[in-house]
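Next comes just one chain, in structure tokens: the form predicted on its own.
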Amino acid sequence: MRRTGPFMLRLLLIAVVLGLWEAGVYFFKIRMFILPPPSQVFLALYRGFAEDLYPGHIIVTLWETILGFLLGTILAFVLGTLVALSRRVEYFLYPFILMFQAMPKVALAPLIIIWFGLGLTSKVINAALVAFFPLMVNTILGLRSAEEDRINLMRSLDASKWQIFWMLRLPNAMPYIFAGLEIAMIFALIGAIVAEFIGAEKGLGMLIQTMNINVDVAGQFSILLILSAIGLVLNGLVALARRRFVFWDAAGQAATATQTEGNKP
């Protein structure tokens, strides 16, 4: 009952917001090409699925996002580990990493499209670049957050560097890493959509651009609704993995439970 109450209040709040939106559009006589009412947005959403328009584009965008997320996070974890464990690597590489991070990824997207074409590769690379830095920074912070006393204790027990890494540094860094993964997943979706805006053959971003040309604002809102749902699902999957694999992180568990409590039946 305690869980059902907040969930029902959340649904009620959503219904009130949608009702005010619908009433405001008709009361102030806002034109459909400026702000469509929710009824038109949901009608466009229904038509998109009924006419089999959305599913193919959703699959393409999901594929780009997941591949970009995997590529970006693997590279981020490897490079973040090298920087965290080696002062020499940090000295030579970290300035280049910061310089590359300062570059706006939106500005790089057109170049990536030119270099790798309109297909899947350019979208995956752009998504990977956007997802790379949140995890790399969190990996560095997490691996360096191990207490020095514990490291010295393991060294006194004749533990090797790899034993210290696998048994102390990595478990201690896992909450940081999963926090970075949650951000990286959303960033990967954003990176894929930005690349589709620049140039694509398929995908939800390309579909938004097409609807923008046709002044189909209700259709654009329906795709934004789909993207929001995709982001929530992907973030929820990472949060679920965090609860399963970082079971010793009580603070993270409590934060995740608080965020998802309203979604439980």
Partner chain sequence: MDQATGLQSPDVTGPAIAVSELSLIYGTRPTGVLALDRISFDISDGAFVAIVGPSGCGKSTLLKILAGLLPATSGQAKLRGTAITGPRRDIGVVFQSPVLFPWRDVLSNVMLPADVQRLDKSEMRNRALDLVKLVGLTGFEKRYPRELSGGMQQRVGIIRALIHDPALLLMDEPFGALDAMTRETMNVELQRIWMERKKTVLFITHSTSEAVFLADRVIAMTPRPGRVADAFDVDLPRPRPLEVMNTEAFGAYVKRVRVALKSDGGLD
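Positions refer to the first chain, counted from 1. For clarity, every value in this text was computed on a predicted model and none was experimentally measured.
Here the subject shifts to the form predicted together with the partner chain, a form of this protein not shown in this document.
Of the stretches 133-141, 72-80, 154-162, 118-126, only 154-162 has residues with a heavy atom within 4.5 Å of the partner chain in the predicted bound form. Although the partner is absent here, residue 172 is a contact residue: one of its heavy atoms lies within 4.5 angstroms of the partner chain in the predicted bound form.
Heavy atoms of residue 85 never reach within 4.5 Å of the partner chain in the predicted bound form, leaving it off the interface. Interface membership of residue 193, defined by any non-hydrogen atom within 4.5 Å of the partner chain in the predicted bound form, is ruled out. The closest heavy atom approach of residue 106 to the partner chain in the predicted bound form falls outside 4.5 Å. The three residues 150, 167 and 248 all sit with a heavy atom within 4.5 Å of the partner chain in the predicted bound form. In the predicted bound form, no residue of 30-55 lies within 4.5 Å of the partner chain by any heavy atom.
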